[in-house]
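First, one chain by itself: the form predicted alone, in structure tokens.
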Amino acid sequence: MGRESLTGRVAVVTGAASGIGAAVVDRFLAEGAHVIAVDVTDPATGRCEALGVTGDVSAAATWERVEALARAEFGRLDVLHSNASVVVRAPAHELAEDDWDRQIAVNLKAAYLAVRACMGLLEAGFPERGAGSVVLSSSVHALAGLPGHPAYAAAKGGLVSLGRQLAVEYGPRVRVNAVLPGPILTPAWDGIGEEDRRRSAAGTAAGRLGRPEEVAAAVAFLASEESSYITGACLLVDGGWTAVKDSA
């Protein structure tokens, strides 16, 4: 894929302050896109090329601001990457109701709010500029159960179904796909010891943890015209984690 395959495109990226979101912002900028970076903390730190919106993605008011900014600054929107995420680890019987609600709101409801606010702009460029593109950050938790993640898994599984539904609802004007990252070395791993990291890496076919930049490459592909005949799909970026089994 050309390094300027997103030239002139306008993109919104959430969860943009760190990890996968930050890597996506950097990749989009490198490929020539105009980027609106959204996060609950300052999303544009060190990225003077990006426009920052500080806000809670699970609040409709944040999305009203994002849509208004895209409309005022660029008059268009081509790509929406819904990536913001939060996780509280606890089995279902120990998980507080507020923690369940917060994870569903940030991980799943935010994607609905984003689409509700931004779909008009995303559709407006079709067919002259091609289809708009929505990329949802789901997770391998949508496909496999890991202890202590009931709300997170429910939300990430919901994103897979939501993405498929949106692809049908808004095609051909807008394409909608999901990426499903596996063990990616983001700040979420800061409190995880070396032994657990080695064990996670050994559980992949690639034999290592992934890098945020590798997920960003997949998101950039789905955002670009290189993937123009792909919609309603789920792209695993997990180093073969979901393929590895150590029993017959």
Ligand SMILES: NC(=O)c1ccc[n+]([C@@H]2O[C@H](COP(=O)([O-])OP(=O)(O)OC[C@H]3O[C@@H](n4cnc5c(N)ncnc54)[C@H](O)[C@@H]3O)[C@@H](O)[C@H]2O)c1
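No experiment lies behind these values; they were computed from the predicted model shown. Heads up: residue numbers just count along the shown sequence, starting at 1.
Quick note: we don't show the form predicted together with this ligand, though the next part is all about it.
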message = To verify the annotation, which of these, V57, A33, A216, A223, has a non-hydrogen atom within 4.5 Å of this ligand in the predicted bound form?
response = V57
inquiry  = I need to confirm a contact call. Of A117, A167, A84, A131, which residue comes within 4.5 Å of this ligand in the predicted bound form, counting heavy atoms only?
reply    = A84
query = Within 4.5 Å of this ligand in the predicted bound form, do S5, G163 and S227 each have at least one heavy atom?
reply = no
query = Can you say which of 69 to 77, 143 to 151, 101 to 109, 167 to 175 gets within 4.5 Å of this ligand in the predicted bound form, counting heavy atoms only?
reply = 101 to 109
inquiry  = Taking this ligand as it sits in the predicted bound form, is P187 in contact with it (heavy atom to heavy atom, 4.5 Å or less)?
reply    = yes
query = Does any heavy atom of G52 come within 4.5 Å of a heavy atom of this ligand in the predicted bound form?
reply = no
4.5 Å heavy atom contact, I20 and this ligand in the predicted bound form = yes
ask   = Any chance V40 has a heavy atom within 4.5 Å of this ligand in the predicted bound form?
value = yes
request  = Scan 131 to 155 and note down the residues that get a heavy atom within 4.5 Å of this ligand in the predicted bound form; none is a fine answer too.
outcome  = S137, S138, S139, Y152
